[in-house]
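Form predicted on its own, single chain, as structure tokens, below.
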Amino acid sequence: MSLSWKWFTEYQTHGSAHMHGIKRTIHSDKSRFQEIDVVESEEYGRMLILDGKVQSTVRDEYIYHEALVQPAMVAHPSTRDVLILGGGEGATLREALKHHSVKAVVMVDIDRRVVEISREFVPELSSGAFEDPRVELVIGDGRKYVEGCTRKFDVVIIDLTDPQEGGPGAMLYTKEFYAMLWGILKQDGVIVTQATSTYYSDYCFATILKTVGSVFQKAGGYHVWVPSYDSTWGIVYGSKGPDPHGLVGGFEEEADRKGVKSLRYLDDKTYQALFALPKDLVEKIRQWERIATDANPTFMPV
């Protein structure tokens, strides 16, 4: 049987890849910072790809974005002010705005074209979030914004591209940067960051976890299987107050109390599963001692 679509290959390492059947290319662009493609895939529908890496698909993006945003925000006693770094497609913003307690969200993305292209060609991802009056969109470098920031936030969500050598987000995974974030958090504030694959780059996940832990007394990591990434995907948090792990067994009740009712993936069972890191990964994290710094950052394999 012949197949009518073309194949897009995303490399996880130099020796491993995931192939996607592509029906058509909807839009292709190159900004000052990266290559941007929106394609119609056979398995996942419309797909946003940056520099050859799948960022979001309309079929399964909610798995990643709920897991990234909701643990920290539901754990926080009353999230009013939120900072999002990256997340140009708007899905992270959408998740944050589900909390009625939120009064203001500042979203900083370095690439205006990602925001524009996502809004035009995959509006399902943001679902109108950019039009919410609580949102302030800043086009600029996330690290420079934090360096000059005089505001304080309850939750900071870091939804950046992977730390690739020469990439736009590489210097936002270092001890120096996390120390800056500590300084712009309120007294019970929480940061949460995407932290790469826990399988293909377990060393990178472990480095981010250890680096956040070198700044925050309370730090932890969890992961979630994202089908379009073909991997469990790591997320790391650091907190001055609440610990998202403490919601195990009570996530649904607390989310419901805060009026967050439209979740498609997370419930008590899936929330508990987030924190069930396998024994071999836990042992690697225990043994791993590296801290990422500005002088010696961590990178994904490809």
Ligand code: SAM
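In this text, residue numbers run from 1 along the sequence as written. Note that the coordinates shown come from a computational prediction; the quantities given were computed from them, not determined experimentally.
The form predicted together with ligand SAM exists for this protein as well; it is not shown, and the discussion that follows is about that form.
Asker: Quick one: which of 95 to 103, 215 to 223, 152 to 160, 199 to 207 gets within 4.5 Å of ligand SAM in the model of the complex, going by heavy atoms?
Answerer: It is 152 to 160 that comes within 4.5 Å of the partner.
Asker: Taking 4.5 Å between heavy atoms as the contact cutoff, choose which of Ala255, Leu274, Leu247, Val54 touches ligand SAM in the model of the complex.
Answerer: Checking each option against ligand SAM in the model of the complex, the one that comes within 4.5 Å is Val54.
Asker: Looking at Met73, Val122, Ile110, Leu185 here, can you tell me which has any non-hydrogen atom within 4.5 angstroms of ligand SAM in the model of the complex?
Answerer: For this set of options, the contacting one is Ile110.
Asker: Is there any non-hydrogen atom of Ala129 lying within 4.5 Å of ligand SAM in the model of the complex?
Answerer: Residue-level check for Ala129: no, no contact with ligand SAM.
Asker: Any of the heavy atoms of Ala67 lying within 4.5 Å of ligand SAM in the model of the complex?
Answerer: No.
Asker: Looking at the partner-bound form in the model of the complex, is Asp141 within 4.5 Å of ligand SAM by any heavy atom?
Answerer: It does: once ligand SAM is placed as it appears in the model of the complex, Asp141 has a heavy atom within 4.5 Å of it.
Asker: Should Gln34 be classed as touching ligand SAM in the model of the complex when contacts are defined as heavy atoms within 4.5 Å?
Answerer: Gln34: contacts ligand SAM in the model of the complex.
Asker: Just to make sure I understand: among 180 to 197, which residues lie within 4.5 Å of ligand SAM in the model of the complex, judging by heavy atoms?
Answerer: Result: Gln194 alone.
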